[in-house]
Ligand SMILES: NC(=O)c1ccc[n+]([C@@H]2O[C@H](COP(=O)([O-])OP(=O)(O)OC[C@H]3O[C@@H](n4cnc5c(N)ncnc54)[C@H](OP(=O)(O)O)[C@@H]3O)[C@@H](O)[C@H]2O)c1
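Take a look at this one chain, the form predicted on its own, written out in structure tokens.
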């Protein structure tokens, strides 16, 4: 399969101020893509500084667009500003996301509603907004950051895992609809990664089985998946076995029980 050439492409990357979005933005710039970097308004100065760093370091055009993707107007503004800054968008990377750890009934409802809005609704909206331009040009790629959590129900991160299951199903379905137009929708499915939004996650039994991944490694895997145009990509054979293969060979209730045991903060429960 022919690799997708990055040089000269125009890309929009959400969640670009930190973590995997920031690392992937650097890799895209290094390969010669012009970028619109999106993050929250409160991160505007950080984002603008990073855009300058990429422009000066790699000789590309990099623009900072600070918008709140939890709001419908923020998603529309990202499209409008991207189209004002670049002639078209070849690549959309949906990396912005939120996370919450804890029992579903104990976590604040507002926090979980916001998580759904950013992880699922905003991603769906951005796909819908940017796809028509790609279809009209019969060329384009969308890379959605899903998760290994997309493939099984996961206790203690129930809403997060559910949003990633939504992302996975949506991505794979839309991929089939748009392939005839020369557009590919792909997902990268990292395991739990050492990003800022995971800073408060406890030391779980699961991490003895699959240690936390590093953002730079997952960004490199994401770029490779984008170039290959893969439907989905789970980095590392161990993650594929644990998250993709075993759940298919096991009863769903068994999978849910195992995830509960591995994702439970047993030290906290003992202290309580």
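Just so it is clear, the structure is predicted and the values come from calculations on it, not from any experiment. Positions refer to the first chain, counted from 1.
The form predicted together with the ligand is left out here; the points below concern that form.
- The stretch that touches the ligand in the predicted complex, counting heavy atoms within 4.5 Å, is 37-45, out of 219-227, 51-59, 37-45, 24-32.
- Shown alone here, residue 204 lies farther than 4.5 Å from the ligand in the predicted complex, counting heavy atoms only.
- Interface membership of residue 164, defined by any non-hydrogen atom within 4.5 Å of the ligand in the predicted complex, is confirmed.
- The ligand is not shown here, but in the predicted complex it comes within 4.5 Å of a heavy atom of residue 196.
- Under a 4.5 angstroms non-hydrogen atom cutoff, the ligand in the predicted complex lacks residue 11 among its neighbouring residues.
- Site residues 68, 145 and 190 are all in contact with the ligand in the predicted complex, judged by any heavy atom within 4.5 Å.
- Proximity to the ligand in the predicted complex, defined as a heavy atom within 4.5 Å, holds among 91, 158, 95, 183 only for 95.
- Listed residues 107, 85, 118, 124 were compared with the ligand in the predicted complex; 118 is the one with a heavy atom within 4.5 Å.
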